[in-house]
Structure formats: structure tokens, C-alpha cells
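Next up: a single chain in C-alpha cells, the form predicted on its own.
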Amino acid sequence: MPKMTNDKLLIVLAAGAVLSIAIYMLYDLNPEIFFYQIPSRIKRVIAIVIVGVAIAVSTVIFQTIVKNRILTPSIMGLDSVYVFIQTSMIFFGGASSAILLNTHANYFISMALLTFFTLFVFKFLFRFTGNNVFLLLLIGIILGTLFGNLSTFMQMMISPEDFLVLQNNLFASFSAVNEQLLTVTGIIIVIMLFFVLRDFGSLDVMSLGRDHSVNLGLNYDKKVSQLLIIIAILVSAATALVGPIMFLGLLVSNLAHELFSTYKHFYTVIGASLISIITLIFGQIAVQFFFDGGVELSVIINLVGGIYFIYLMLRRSRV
């Protein structure tokens, strides 16, 4: 049986994304509360598309820069920083602090701090490690452990009531997304995607490595700096909106590379985005209809993604 072409594979994934959205929108509708269910589900679908695309695109670009499919912005400690920010807000201001209660202030402060951390750490790490993948991964794990331990220490010091409030902010959830923040995040991510989609050629050249890119006339260092800014904003906006989903990017980016087997980022970026949407939609279906909201979506994604991460590590060790 001949292998499906990349163009046809994109069409199949796009059809799968549309079908998964249709299943979610129509499954278990109650005629008595139909006009409540539909707007609520539409809002969740929009949030899933925005977050899924942002994480997929940022991960594929990041892996192109570091020349490794195991590293992602989340594995480099970004999720632990988000937990640290949310914990610090409650630790210093309490559950009734103005920043925590003001959804917009919490969003923009979290996004600004995450963006600053991403830019500062990634740029520093690239210079310090010389793109040594294993050293990057080790430092990322150390940073994640550091911020995770600081967060755990502060969580032990706060009251049980404050801890319950904190728990709601530590797991990714699409159930209570603020519509105004959803619009703001959508605009931010569309702007970032505009810069990515118009320059697939540079990403294709960068996949050849720094030396080849420079020889072909690409200002490699400048392009890396620009892409790091885009990655930082994409990941920070998505995380600040719904919370951290650690292994989603790793899962969908590697599946896209496996399916398309091409250096062209047109296919891998769009393919990873479609896989991300399908994954999140079916994850939301499982959470909402089969677990009755008793399990957070991030728990399911991290379970599957964590197993896949172990598989990738074991497969690399055999090569």
C-alpha cells in the first residue's frame, strides 16, 4: 500500500480535527439546556484551539533551534515557574489578595514573568552550554526542581483554605476560561503566528544547523533571538490562560515528525497544531463526559505524554 503524501495527511488531520470538534459539540446535548451548553462548549473549543496551536508551534520551533526532539519549553522548567508564581501570590498576599482575585492582573503578571524567565534563561543557556543537549536538559531539570521545591515549601506554610484556592490555579483547565482573556490571548497568538507562518523558509534552513544557515546567507543568531521571543510569548500566553500542560508539546511535535518525515516546517508546524487540537478535544471529552470533571485534563495529557517521553528516551538510548 503506497504511503500517504504529506498534503493528503494534512487533509486527513484537518478532517479529524473538525470531526473531533463536532463530536464534542454534539455529544450528550440536553434540549432543555441547549442554549446554555452550546455557548459554553464553543468557548472551550476556541480555548483549546488557541492553546493547542500555541504549544504545538512553539515546541516545533524550539526543537528546531536546539536540534533535539526531546527538549521542550515546558521540560526546561517553565511549568514549575508558573506554579512558583501562583504560589508566591498566595503566600505573600493570601487567597484574598487583589492580584489573585483580579483575573486580568493575574494573567498579565504571570505572562510577563514567564516571558522574562523564558527569554533570560534560554538565551543564557544557549551561550553557556553551546547547545549541548544533555547539559541543557540537565539544567532544565535542575531549574524545574528548584522552583518546584520552592513552591512546595511555600505551600506547606500557607493555610489549608489558601491551599485549596491555589490548587484550582495549578492544573490546566478549559472549564472556566475568562472570555475577555480568551480574546486577548487569541489576538496575541495570531500576531505571533503571523511572523512564524510567513517565514517557514528560514526555519527550514535553520534545521540544517548554524554553519550551513550562515553559509546560505541567513543571519542565524538574529533569527534565533527573534524566534525565542515568539516562543516565550506563545508559551507564556497559553500557560497564563489555562495553566501548565507539561508534556503536550513533546507528544504532538514528535507525532508530527513521525507522521510527516520531512524537514519542511509547513507540514510539521501545521500537522503538530492539528494533532494538538485533536488530542485536547478528545481529552476534554474524556474529562467532561466520562470522568464527570473529576480529573483535570492536564493529568491525562501528562500521563500519556510522560509515558511517551520515557519511550523516546529509551529509544534514543538504543541508537
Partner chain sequence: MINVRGVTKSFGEKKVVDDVSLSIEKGKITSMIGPNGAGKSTVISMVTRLLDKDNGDVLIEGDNLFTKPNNELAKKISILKQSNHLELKITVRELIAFGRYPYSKGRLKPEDNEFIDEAINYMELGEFEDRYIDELSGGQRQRAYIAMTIVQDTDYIFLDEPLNNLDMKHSVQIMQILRRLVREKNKTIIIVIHDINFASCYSDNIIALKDGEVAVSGTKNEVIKKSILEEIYEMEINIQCIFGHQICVYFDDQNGDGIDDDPQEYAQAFAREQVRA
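Bear in mind the structure is a predicted one, so any value in this text is a computation, not a measurement. Positions refer to the first chain, counted from 1.
There is another form of the same protein, the form predicted in complex with the partner chain; it is not shown, and what comes next is about it.
Residues 94, 165 and 178 are none of them found to lie within 4.5 Å of the partner chain in the model of the complex, as judged by heavy atom distances. The contact residue chosen from 183, 215, 159, 102 relative to the partner chain in the model of the complex is 215, the criterion being a non-hydrogen atom within 4.5 angstroms. Proximity to the partner chain in the model of the complex, defined as a heavy atom within 4.5 Å, holds among 119, 113, 208, 170 only for 208. The partner chain in the model of the complex is not approached by residue 80, whose heavy atoms all lie more than 4.5 angstroms from it. Interface residue remark: residue 291 is not counted as part of the site for the partner chain in the model of the complex, having no heavy atom within 4.5 Å.
Contact annotation for residue 40: none of its heavy atoms lies within 4.5 Å of the partner chain in the model of the complex. Proximity of residue 106 to the partner chain in the model of the complex falls outside the 4.5 Å heavy atom cutoff. Residues of just one listed stretch (282-290, 45-53, 255-263, 269-277) have heavy atoms within 4.5 Å of the partner chain in the model of the complex: 255-263.
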